[in-house]
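Shown next as structure tokens: one chain only, the form predicted alone.
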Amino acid sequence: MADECDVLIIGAGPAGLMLGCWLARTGVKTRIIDRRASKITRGHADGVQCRTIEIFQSFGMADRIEKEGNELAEVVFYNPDQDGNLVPTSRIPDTEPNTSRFRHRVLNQGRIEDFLIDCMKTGGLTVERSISPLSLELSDSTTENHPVTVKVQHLIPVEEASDPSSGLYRSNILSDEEFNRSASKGGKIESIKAKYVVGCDGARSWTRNQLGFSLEGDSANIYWGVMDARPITDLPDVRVKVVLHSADSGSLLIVPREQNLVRFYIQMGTLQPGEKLDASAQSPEKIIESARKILAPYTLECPEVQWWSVYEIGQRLCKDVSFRNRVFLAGDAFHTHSPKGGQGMNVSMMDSYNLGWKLAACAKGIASPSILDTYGGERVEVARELIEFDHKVSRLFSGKPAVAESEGVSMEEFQALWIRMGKWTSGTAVKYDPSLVMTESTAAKTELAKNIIVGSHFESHMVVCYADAHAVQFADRLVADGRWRLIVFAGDLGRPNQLQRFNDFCSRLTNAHDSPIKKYTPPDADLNSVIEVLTLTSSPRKALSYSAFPELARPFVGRFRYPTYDQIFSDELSYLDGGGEAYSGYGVDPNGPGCVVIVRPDQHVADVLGFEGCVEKSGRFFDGFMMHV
């Protein structure tokens, strides 16, 4: 008999592991398989965007990245002067100030995967390795609970000598035959029946091929080398990010890494249309030699190369990311591009972060499967924007600079593009369009909260916990557990009329027949189990006793009805950590009538409402996709 699960994840790279974290955290029965016998331990992706670290914080593991990763603070541009000599021309911050409370960091993909694997383990989910999918079938039955059947083969690893420092085995310069060559032989065959299957299996996705989908796009006919090394060089800026264009020898990007490693991206050469690069002819020595030519007159020695690879620049997109809302693609399975913008791993994990809570809600019967339509609508547009950006940057990066009277790429244009796209490359500029789970922004909503943008993620400001006086980042309360949040800006509760308005609002949200909390909280469940209410007052904590708040704001939970102490906050100064500027930061009038912000499980703002009519409007919003449990 076939094994049954709610979700089968094919591929245990960053996209698959992020999805596994969501599903393990929300208690969804999941299996995650990977055809390789072991995970990567060095090289590959390394940039971790500000927004990605915010997401890791929602799983409680941002501190590990901050401890191990190297912070990038500055970018310096090196360009040829009028005589062709290589000189530093300008310096800018790596991340626009006030973009996020976290900083852009770099850490090898293997460690990022370790963090995600550990997170999954806390929910009882582990990667099953040396398992290769053989076939995928989707039943036409509308009543079958597990309509997707995937036949897989357990592989028996075979010892084979290989170079652990080479990443060519995953490079896009390999033919399909070379890429699929496996150092293993087949073992037992198993059938897995699932409600949903997600292909997170990379640019040569088996899942995508089974669906008959394809990547579309073009190649720049330019190939680059990449290596992680501990260099010996007289280039003075090797410990900050360097964007370097030489006069005649190509371009280079330097990214300082953890443990004094340095990542080099080195322009190697061009290809004729249709020409394939010979993988067997590539070597770290060739990459280093190309880097020396670009860096001259600066010198470079790399006695220790930890990892290297060669890849061809190209941008490709699969516009179809789901099949009958049962089989999905995420990450490189539906978008590929060059790695120099530091986007690939981050955008791939954000695909899964978008999809994970939706799959969990559907698998548990909390939400209608119709919400799954929004996955493609939201993430394909993000991927398209990524590819457009990467297309511009990679071609400007690879172009010969204009020196003196010669024609070429304008270095001013290149730097202007880099600066203009800075917020987008931090991951914080993603904004989703209106959909079933996202309302449309209006002037009235903007007036209520000038700096809260419907469609964007809910940003963080320091607030003070009412119960214990601890200063906390407000967004840290948006834990990745599948719950929606109603963030109530209660205003000044020291004013009797505002306190009455707040109490009346809480009473209606608790008791009214059209309240989403009344409708969609199971009868025996905690009041905050599906939709959690977080309250932020503009008045100091002394203005109102904690016990005077209505139960909705401080619900009693669990078998023994324990009180909660982490749902009410004040925008007052902390004794030790400052603060007192959250209302200003969110653009909400501290002396105004207050408002309510609906935040999705993935931290994106779905709506902003005034107290008047909020219960009815929020009820209609949730009625569009929620199901009674």
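From a predicted model like this one, the values you see are computed outputs, not experimental measurements. Throughout, we count residues from 1 along the sequence that is shown.
Quick note: we don't show the form predicted together with a small molecule, though the next part is all about it.
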- Message: Just checking whether D602 would be counted as a contact of the small molecule in the predicted bound form - the rule being heavy atoms within 4.5 angstroms.
- Response: no
- Query: Can any non-hydrogen atom of G16 be found within 4.5 angstroms of the small molecule in the predicted bound form?
  - Reply: yes
- Query: Would G47 count as touching the small molecule in the predicted bound form under a 4.5 Å heavy atom rule?
  - Reply: yes
- Message: Does any part of Q343 reach within 4.5 Å of the small molecule in the predicted bound form? Heavy atoms only, please.
- Response: yes
- Query: Considering I366, V382, I131, V321, which brings a non-hydrogen atom within 4.5 Å of the small molecule in the predicted bound form?
  - Reply: I131
- Would you mind picking the one in Y265, F414, F505, F213 that has a heavy atom within 4.5 Å of the small molecule in the predicted bound form? Y265
- Query: Only one of 81-89, 290-298, 415-423, 329-337 gets a heavy atom within 4.5 Å of the small molecule in the predicted bound form; which is it?
  - Reply: 329-337
